[in-house]
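Form predicted alone, single chain, as C-alpha cells, below.
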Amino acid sequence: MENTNTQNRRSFLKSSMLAGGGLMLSFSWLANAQAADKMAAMNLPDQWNELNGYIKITPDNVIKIICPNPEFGQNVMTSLPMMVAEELDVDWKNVVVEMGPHDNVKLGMQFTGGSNSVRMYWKPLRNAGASARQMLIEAAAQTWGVPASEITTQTGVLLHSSGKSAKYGEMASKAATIPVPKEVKLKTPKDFSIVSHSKKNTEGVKVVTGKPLFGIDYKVDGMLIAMIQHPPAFGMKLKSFDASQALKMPGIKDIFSFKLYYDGFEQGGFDTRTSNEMIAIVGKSTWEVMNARKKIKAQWEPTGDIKETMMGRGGKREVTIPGRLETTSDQLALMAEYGKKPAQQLRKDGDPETAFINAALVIERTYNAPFLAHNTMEPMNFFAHVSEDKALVAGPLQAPGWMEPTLSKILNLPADKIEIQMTRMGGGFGRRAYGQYVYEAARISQRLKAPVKLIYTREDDMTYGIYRPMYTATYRAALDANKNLIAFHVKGGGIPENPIHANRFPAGAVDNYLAEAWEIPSNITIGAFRAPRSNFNAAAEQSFLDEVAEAMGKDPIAFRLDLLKRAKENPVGKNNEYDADRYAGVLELLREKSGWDKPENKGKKRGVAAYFCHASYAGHVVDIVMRDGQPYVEKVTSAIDCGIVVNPDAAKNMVQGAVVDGIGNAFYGALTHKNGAAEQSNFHNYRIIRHNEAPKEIDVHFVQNDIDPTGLGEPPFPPVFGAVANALYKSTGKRFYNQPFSSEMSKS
C-alpha cells in the first residue's frame, strides 16, 4: 500500500532535532508548513510538554505520542496512538501517550463526535508513523553505509543482514536531518501487530485511582468558583434581581448579570445557548456559591418572539424563536395536528399514492419519543482565565475548534491569543459539542479579571440544558393480495427538527416509496444526542418492520434480508446511503451468533433490530424475561460491521455501553415541560437504568473484513430501541409505540 506525503493541509510532516539527541516528528495533518517551521526554531527540550502534534523519540527509546482528539470514554487516547505505533513499528510498552492542547493549525478540527475520530485519522496517523520509520531507516543506512532497502525494523530496533542493529533512539538525531519521504509504504491488515490487537486503556489506571484528569479536577492558585442563575423556564428572560442578601453570604466575591452575546451577534452552528442574559454568582467555594444563589431574588418575564442571525448549517440566515411557554401535552397535540397536514417531500420512488389506494392491506402506525437529557456523569464545568491581552480556557469539550471563533468574538481577542486546553470528559454524547458553558466561564473571568471555574449543578443542566428533540413519525406499508410489500411511506416531524433520513433502508428496496417531513419551531434548545435522529428512526422503523413481517407471515430477519437482496440486485433509486451487502452481513452474523433459528431458542421472548448510521452497521437480538410482572433484558447479542477494529476490547466495551444506554433510554428516558419549565430536575425524577436492570450478558461480535474503519461510537445505540420494542411485544403480547416504554406499560 503506497501513500504519498504531500506538503499540504492534509498531510504535513515536519522533523526537528532535540538537543541531547532524539527525533521529534509533527504529524500535523491539516496543517501548513509555516507553523511547523516556526516550531522547529523553539527550544524543544524545555518546551515539548507544552506542544502537541508530535512523535517524540528519546535516546533511550521511549516514544511519546500526543493524542490530538478529546477523550470522553470512547478510548481515542489509546486507539489513535495505536495507529501511529503500528506503522512506526515500535514496542507498545515503550509508548507514552498524552492529551494535547487545542491547536487548529497543527491538528485541524480535533473533533470527537459523529463517530469520526478513528475514521478521520486512519490514514494521516498511519502515514505519520510510517514516515518516521522510513526516516529512521534512512538514518541507519547513511550511518552504516548500506542501502536503505536492506534495513528492516522490529519493535523499535533497526536491523541489517550484516548483524548491525540499533535502537530507534540511537538514530533519532540523525533521522531528524533526513527529508520527509514523499511516499511511504503502509502495512496491510494481515501484517498488523498492534492495530486489531487489544490494548489496555492508556489512562485506565489513572481513571480508577482517581487521578486528576477531568475538567472538574482542574485547579489553579487563586481560582474562584462561579455558578449561573438561568431563567426558570424556556421562554423567560431576566427582568430584575436583588442580590443584596446573597452578597452578604460568606465567601461571595461578586454577583452580576451579563449578556452572553452582544446585540446583533451572528451565532455559529454550535453556538446554541439557552438564554442570553443571566446572573453570575462568584465566590471562593462551590458550597458558598450554591448557598448564596438561593438568596437571590430575581424577577423574570416572557421573552416574546426573538429574531436571531445564525451562521453555519446552511449559511447565514435569520430565524425567529417563538416565545411561548411550552407544555408537553400541548406539544403532543400540536405534533399530532402537524402530522395530518401536507409536509415537505424528501424522496419519492414510483407511484406510492396509487399503490396505497390499490392495496389489499394497509398497515399504519405512529411512534412518539420525548425530549431526552444528556446527563453526562461529570456535570458541566469549565475553567477560564481572561486578561486584557490573552485568555486561557480549559475543560471538557468535544470540539475546541468550533469554540475558538466565538471566544475570539465575544472576548475581542485574536484567536492566537486564546489557549484552549482539553481535559478528559466524564461523558459527552453530543452535549459538550455546544460551547455556551465555555463562553459563560470566559465572560465571567473577563469581568472579574481572575481565574474562574464555572460549575453547573445536575439540576442546572437538566432543567436548562440542550436536549435530544421530541419526535414523532407515522409509518405506512401497503400489501397486495398475496401479502407482498408494494409501498412504503414514512412521514415524520419533531420539535424543533424532523428525524427523517429519507435515503436509508428500506428506501431502495421498495418499488413505491415516499418520505416526508415537517418541523415545529421551539425555544427549547436541542442538540446532537448520541446518533442524532437515528436513535429515534431506528426505534420506529425497526418496530414497524417487525409488524409488517408478521402481517406478511415472514420471519423478521428473513424479511429484512429479502428487502436487502432486492436493494442489492435491483435497487430502486440512485441515492441509497447504505451498502446492502454490509447490512445483510450484520443480520447474517446476528442470526448465527444468537442462534436465532435453533429449536432450543424458539421459546425465548426475543426481538431483533438492525440499522445503518455513521457509515457503520449494527444489529442486536434482545432476550427479555418477566420477573414479578416486569420485563428485564436478560441477554443481548450484538453484531457490528465498522470495518477494521483498531482495539477490539475497547470496541466491545463501546458496544456494551451503547446497549446499556439504549435499554435505559428506551424503558425510562423522558424529559417533560410545563409552562416552559422542565418537570424533571435530577435522577430522583429523571429515571435512568439501574444496575439490576442491566443485561446479565452482552455478547458482541464484529464482522471481519479489511474495510477502512468506519464509525462505532454511535451506530450500536439506535437499534437497541427497536430490538427492545420487538422483544417487549413477544413478552407481553402488546405493541408499544410511545417512549419511554415503562410509562406506556404502566397505562396499559
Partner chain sequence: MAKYSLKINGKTQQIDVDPSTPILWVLRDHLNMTGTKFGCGMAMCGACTVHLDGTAVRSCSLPVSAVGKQAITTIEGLSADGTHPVQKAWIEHDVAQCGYCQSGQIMSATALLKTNPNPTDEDIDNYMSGNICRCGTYLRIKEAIKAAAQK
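Values in this document were obtained by computation on a predicted structure and should not be read as measured data. Residue numbers count along the first chain shown, from 1.
Although not depicted, the form predicted together with the partner chain is the subject of the following passage.
Three-residue candidate spot V118, G156 and F192; no residue lies within 4.5 angstroms of the partner chain in the predicted complex by any non-hydrogen atom. The partner chain in the predicted complex comes within 4.5 Å of a heavy atom belonging to G73. The closest non-hydrogen atom of V703 lies beyond 4.5 Å of the partner chain in the predicted complex. The closest non-hydrogen atom of F265 lies beyond 4.5 Å of the partner chain in the predicted complex.
Y668 falls outside the set of residues with a heavy atom inside 4.5 Å of the partner chain in the predicted complex. Here the chain stands alone, but in the predicted complex its contact with the partner chain, taken as any heavy atom within 4.5 Å, falls in 691-699 among 704-712, 56-64, 691-699, 719-727. A heavy atom within 4.5 Å of the partner chain in the predicted complex is found for exactly one of P405, G323, P212, G269: P212. Only one of the listed residues (E577, E301, D649, D351) places a non-hydrogen atom within 4.5 angstroms of the partner chain in the predicted complex, and that residue is D649.
Applying a 4.5 Å heavy atom cutoff to the partner chain in the predicted complex picks out I455, Y456, T457, R458, E459 from 432-467, in order along the sequence.
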